[in-house]
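One chain is shown next in structure tokens, namely the form predicted alone.
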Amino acid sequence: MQTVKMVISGAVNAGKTQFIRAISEIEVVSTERKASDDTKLLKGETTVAMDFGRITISDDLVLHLFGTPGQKRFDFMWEILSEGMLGLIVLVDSTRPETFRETNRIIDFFTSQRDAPYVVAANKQDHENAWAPDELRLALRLPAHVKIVPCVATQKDSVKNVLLELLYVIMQRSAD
């Protein structure tokens, strides 16, 4: 059986923990702690090290999902968690344009550290004020080859679709 590592990253409150919880077949190992800075204005708890989940794709393929912390003060974990990753999902909160600059910083960091395929998951697409994926591409200045996948991180089928898109990108890259 092959086990592969996928990293899920994004700004604070982008939905990383919910994304992993929606699809993991095991109870998610989470390092949530009470928020003690400005993050507490958005949510009560925040990830301080990582989230870990697992999903079996087939008899011979298992995905290990590692969620990064979103706060800048924990970004030292990004390099640690990116070690050995096969692919990256960058979650963006489509309803909060004030996080787009941080999303770009996250993309820049990971693409400079590892040559791993990635997709952008446009989360919270079920909200009325969500930016459409094509609007996000322009706002984030993403190249045409980067897939932006609509997402609702609390819905298993939506999360599954994002993971499948990342797997397709990985397979395309390995075929090239």
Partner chain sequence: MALVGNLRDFALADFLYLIDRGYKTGSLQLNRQSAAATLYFEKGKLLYAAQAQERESLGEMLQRTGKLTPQQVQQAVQLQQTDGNQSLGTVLVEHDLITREDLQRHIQTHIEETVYSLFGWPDGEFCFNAGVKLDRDDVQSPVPLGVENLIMEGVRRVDEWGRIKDHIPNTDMIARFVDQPLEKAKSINLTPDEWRIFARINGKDSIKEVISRTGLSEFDVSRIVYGFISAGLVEVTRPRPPVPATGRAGAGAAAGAPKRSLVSRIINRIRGM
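Quantities reported herein were computed from a predicted structural model and do not represent experimental measurements. Residue numbers count along the first chain shown, from 1.
The same protein has a further form, the form predicted in complex with the partner chain, not shown here; the description that follows concerns it.
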| query | finding |
| --- | --- |
| Residue contact check: V152 to the partner chain in the model of the complex, 4.5 Å heavy atom | no |
| Partner contact for V12 in the model of the complex: the partner chain, 4.5 angstroms, heavy atom | no |
| Contact flag, V146 vs the partner chain in the model of the complex, heavy atom cut 4.5 Å | no |
| In the model of the complex, D108 touching the partner chain (heavy atom, 4.5 Å) | yes |
| Residues in 147 to 176 close to the partner chain in the model of the complex, defined by a heavy atom within 4.5 Å, in order | K156, K160, L163, L164, L167, Y168, I170, M171, R173, S174, A175, D176 |
